[in-house]
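The chain that follows stands alone, in the form predicted on its own, written as structure tokens.
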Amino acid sequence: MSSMLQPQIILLKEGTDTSQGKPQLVSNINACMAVADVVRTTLGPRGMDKLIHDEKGNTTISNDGATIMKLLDIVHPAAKILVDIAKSQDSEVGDGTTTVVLFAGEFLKEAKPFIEDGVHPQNLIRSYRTASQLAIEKIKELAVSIAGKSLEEKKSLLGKCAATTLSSKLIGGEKEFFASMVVDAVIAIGTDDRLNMIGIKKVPGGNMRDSFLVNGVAFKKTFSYAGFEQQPKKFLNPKILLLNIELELKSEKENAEIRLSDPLQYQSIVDAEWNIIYDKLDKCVKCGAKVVLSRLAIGDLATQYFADRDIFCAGRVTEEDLQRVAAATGGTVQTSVNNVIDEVLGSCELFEERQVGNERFNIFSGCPSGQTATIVLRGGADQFIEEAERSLHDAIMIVRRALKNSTVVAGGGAIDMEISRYLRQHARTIAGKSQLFINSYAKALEVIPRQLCDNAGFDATDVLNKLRQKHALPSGEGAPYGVDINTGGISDSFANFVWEPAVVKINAINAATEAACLVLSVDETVKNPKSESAQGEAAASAMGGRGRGGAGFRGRGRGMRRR
């Protein structure tokens, strides 16, 4: 009787939403599977694109897993984990973002029946971690190194990797054209890790084939004053002066005050101002530079002055472009024009101003340090060029990774099938439940070839059966076989140059397994209610800023003595 009269214990605030146990875990798994279904159709060369329309009215057409995940406003807390792994894959490797989300979704999908049957999640997590380690060891064993090859061989090998990445993007039709461009750009910046040394400039108009690579720096012509037309637009081996100062008459500071006893003195003050700027311009000319670039404005007086002396000048050059010019030409950005010595001047073989579409571009080519490159992209629609830029970013990242880690594996679902076969084989040697779990992990890896077939409109079951048979050959000759997108059959991916850096797959499997284990290890979700004050603030802000502003001003005078 006494037990019935015990008072109820209130632990959490009223309105707190808690859900726990098996249904909670299954609901989290369903949310993650729903997210994976969004990007599922974008995988591979025949993948579809997504058009995302945000609240500001911007439209983005993209095929890139990470871009789509960033733009989706996902509120489910468990599903956000998939967004994070897509972002981390993008920043770490650059490609394989769709793959990583698909893997995580598929691992959870395979785990779901076990959870519903009452298997403890920790048993699944342990088996999944073991399976991922085995898979990664197998990838490292199957990877082929491209180190120690000559530069020409390396270029063609890297071009194959870039083409594999680009084949699944919007610009896949011109993948050879862009792949060689990307490889040249990455080799141009050498071992320098800074990605901002490769500039991508977008010019609407023309077609994709009009895009070109500048082995140096190119940027749009900046705002210019009268007198600009008289300046020469082409120089051979010019000296380049980079400044971070204004070359124009400075307006006085507010409330500047000069007291004169004699009106004649006023002229001397005006003259002094002019002398200061003429002195600056004179020093720029004397240092022997033929091209003067400044981050701040170069006024009309300076423009005329330089034009009279056959010097090209451009003011208001963006910080990023100026830094790239400095890196390419070997110059240093100056904050003063006093004592400009030859060492701080940059140089290049050719400077010219060129018309690209309806824009004028200033182009520096044949730079001595050569540690920068600029890709000028052309295309019909703005969205198309934006997507092309994202695709090239992925390809650039892949080529950089392949250069550094120099091991590649067969793409087209070949490596996934081979690991799947290996894990199934390994599972037979294990007694107990974990045999089933590792088997389910192996089955989940087949999602890549299956999805490649589905997206291309082929019969996935038929193709997968052929692949399983090929990979099961005891000689091991079937290991590089993957899906042939063009015929709907299977082919040797390695022989067809469908390659990807091993690091992409290793990272994807690692991140996806971690994410799946993280979701599986959660058994309770607690959602705290918004506090009343927060609700009040939210309601106030919803009423709109105008009403609040009025209230704020009325309140300000209250309780204060008016003067």
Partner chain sequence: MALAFDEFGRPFIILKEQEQMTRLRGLDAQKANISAGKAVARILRTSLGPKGMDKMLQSPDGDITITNDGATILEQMDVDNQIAKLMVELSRSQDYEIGDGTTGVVVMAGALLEQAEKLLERGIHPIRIAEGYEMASRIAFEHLENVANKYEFDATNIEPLVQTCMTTLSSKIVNRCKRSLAEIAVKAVLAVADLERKDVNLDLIKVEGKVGGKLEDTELIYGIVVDKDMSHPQMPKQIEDAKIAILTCPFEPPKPKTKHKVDIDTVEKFQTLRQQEQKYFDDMVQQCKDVGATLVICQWGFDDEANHLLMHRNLPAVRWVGGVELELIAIATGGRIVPRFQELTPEKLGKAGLVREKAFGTTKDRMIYIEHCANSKAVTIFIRGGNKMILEETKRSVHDALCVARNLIRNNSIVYGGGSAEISCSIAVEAAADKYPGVEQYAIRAFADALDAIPMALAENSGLQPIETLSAVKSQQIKENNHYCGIDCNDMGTNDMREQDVFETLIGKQQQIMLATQVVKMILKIDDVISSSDY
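None of these values were measured; they are calculated from a predicted model. Positions refer to the first chain, counted from 1.
Another form exists, predicted together with its partner chain; not displayed. Remarks below refer to it.
- With its partner chain left out of view, the stretch that reaches within 4.5 Å of it through heavy atoms in the predicted complex is, among 462-470, 179-187, 260-268, 284-292, 260-268.
- A single residue from the set G476, G357, P113, G432 has any heavy atom within 4.5 angstroms of its partner chain in the predicted complex; that residue is G357.
- Among L345, L247, A314, L170, the residue placing a heavy atom within 4.5 Å of its partner chain in the predicted complex is L170.
- For a residue to qualify, one of its non-hydrogen atoms must sit within 4.5 Å of its partner chain in the predicted complex; none of I240, L403 and D523 qualifies.
- Using a 4.5 angstroms threshold between heavy atoms, P204 counts as touching its partner chain in the predicted complex.
- The shortest heavy atom separation between K234 and its partner chain in the predicted complex is within 4.5 Å.
- Using a 4.5 Å cutoff between non-hydrogen atoms, D279 does not count as a contact of its partner chain in the predicted complex.
- Although the partner is absent from this view, E349 stays clear of its partner chain in the predicted complex, with no non-hydrogen atom inside 4.5 angstroms.
- Along 49-70, a non-hydrogen atom within 4.5 Å of its partner chain in the predicted complex is carried by D49, K50, L51, I52, H53, D54, E55, K56, G57, T59, I61, N63, in order along the sequence.
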